[in-house]
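Starting off, we have a lone chain in the form predicted on its own, written out as structure tokens.
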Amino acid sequence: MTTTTTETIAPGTGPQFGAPYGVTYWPDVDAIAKASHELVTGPRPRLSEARRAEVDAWFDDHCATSKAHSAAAMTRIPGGVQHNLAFNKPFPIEIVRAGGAHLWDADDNRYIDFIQAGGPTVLGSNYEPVREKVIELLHDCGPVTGLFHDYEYKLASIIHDFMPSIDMFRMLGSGTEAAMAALRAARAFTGNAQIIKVGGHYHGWSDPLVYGLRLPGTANLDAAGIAPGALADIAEVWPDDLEAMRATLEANKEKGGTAAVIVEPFGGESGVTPVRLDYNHHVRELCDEYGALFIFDEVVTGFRTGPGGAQGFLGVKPDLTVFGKCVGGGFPAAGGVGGRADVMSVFGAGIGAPGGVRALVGGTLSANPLTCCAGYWTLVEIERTQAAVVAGRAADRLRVGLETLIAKHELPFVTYNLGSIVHLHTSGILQLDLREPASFAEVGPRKESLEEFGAAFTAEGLVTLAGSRLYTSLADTDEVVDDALARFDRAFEGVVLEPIS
């Protein structure tokens, strides 16, 4: 396996503000690209036939309740689950209890929780001090009134304290809504229509932002049910390609100009395709040169990287920042957009707006007291406990252990981490280069491999995000990480390499 780590960041600190961050190094982007290319062009990793049978038997023997309930759900829910994260082979497991570093299913199986609700629970699942504050509010106020509550102001203020780029913050119901609102604000403020996104960067499922989803080069591949006009003013550029970014900004001048460039600051899908450390600085310069707003999507990196988010760590000041579940600490109906006061003014509530420019956003459950309370106290606790640093240290330990296991089992897997976001590329499906014609034939088999590995990890008591991403938390002690590594060791024993025909 190619080494993918480069010690370039002083442990526990970021370039800006001297604040504590959980990112202790920046991965070698070229080494990751090389290792990923070897993964997708070499023999295809699979579970052996015998190991697949063992995994299926484990689910049958240990997850009877989950199996029965998921079968019933198939009759009333499309695909049997309401959220994409919940799907896994051979059927979804039903979680009934969560605490710290662990989850328990309906059959009382215990799992190490590396999905962490898709990333927002940096403190660990069902963190008691936050839960108690929420229970107190429920006794006094209930979850929603439709009117103002002081926790709205407290949450917006603490976000500003952590991220000075955010003069004002508007709470919404999800990261998807927040990204939609950010584009709307950029167009309203600049008067321009064109949007540039980076291929493979994920910004939710709204009509324009499914363009170039997950894999660079997919353009409108996932745009079923979307009117062509919704994609008319959005362009996809290749990751880490500043020349393509400049060329697209230049071409957009003929169309009236670019309203905004939107990025995941660590790279697509929280760093599946990591960018160079200086990439966002250069994009910031290009946006300034061409009069475009720069939007950071910090749905995952916000507060998980550290209180200052990716922008604080990188020392880059975006014009707008998109948040998701992290602003509610994992509680429901959480998301929002924040940024420069002059841009954010287009969201002014009520009838009319300063200057007559108004970008309408809303939602009855947006900024409900329950979620604002949970978000505020989550951020207080993240700062108090230095949760991002602790979670980042756990991720470093996990990544080093995974590198050792990959070498031990002589596997082509690729692993690295960006703070508490650990990537484990096993099948290589998200590393396929769609500019290479042969890659299309690999999508199906490698998706199947990825699902097999996810099932094998679950059978070993490891809940991951699609078998390829692992979020650590404050609750992940050395003992938890070492336990996880022993389980990965057993899972890796069942991997074989299948020649590509």
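Sequential numbering from 1, following the sequence displayed. Since this is a predicted model, take the numbers as computed values, not measurements.
The form predicted in complex with a small molecule is left out here; the points below concern that form.
- Screening A182, V122, A310, V300 for any heavy atom within 4.5 Å of the small molecule in the predicted bound form leaves a single hit, V300.
- Out of the listed residues K197, H203, R399, R170, H203 is the one that sits within 4.5 Å of the small molecule in the predicted bound form by at least one heavy atom.
- Heavy atoms within 4.5 Å of the small molecule in the predicted bound form map, among the stretches 93-101, 138-146, 172-180, 364-372, onto 172-180 alone.
- Not displayed here, the small molecule is approached by A334 to within 4.5 Å at the level of heavy atoms in the predicted bound form.
- The small molecule in the predicted bound form is approached by K325, whose closest heavy atom lies within 4.5 angstroms of it.
- Contact check for E264: a heavy atom falls within 4.5 Å of the small molecule in the predicted bound form.
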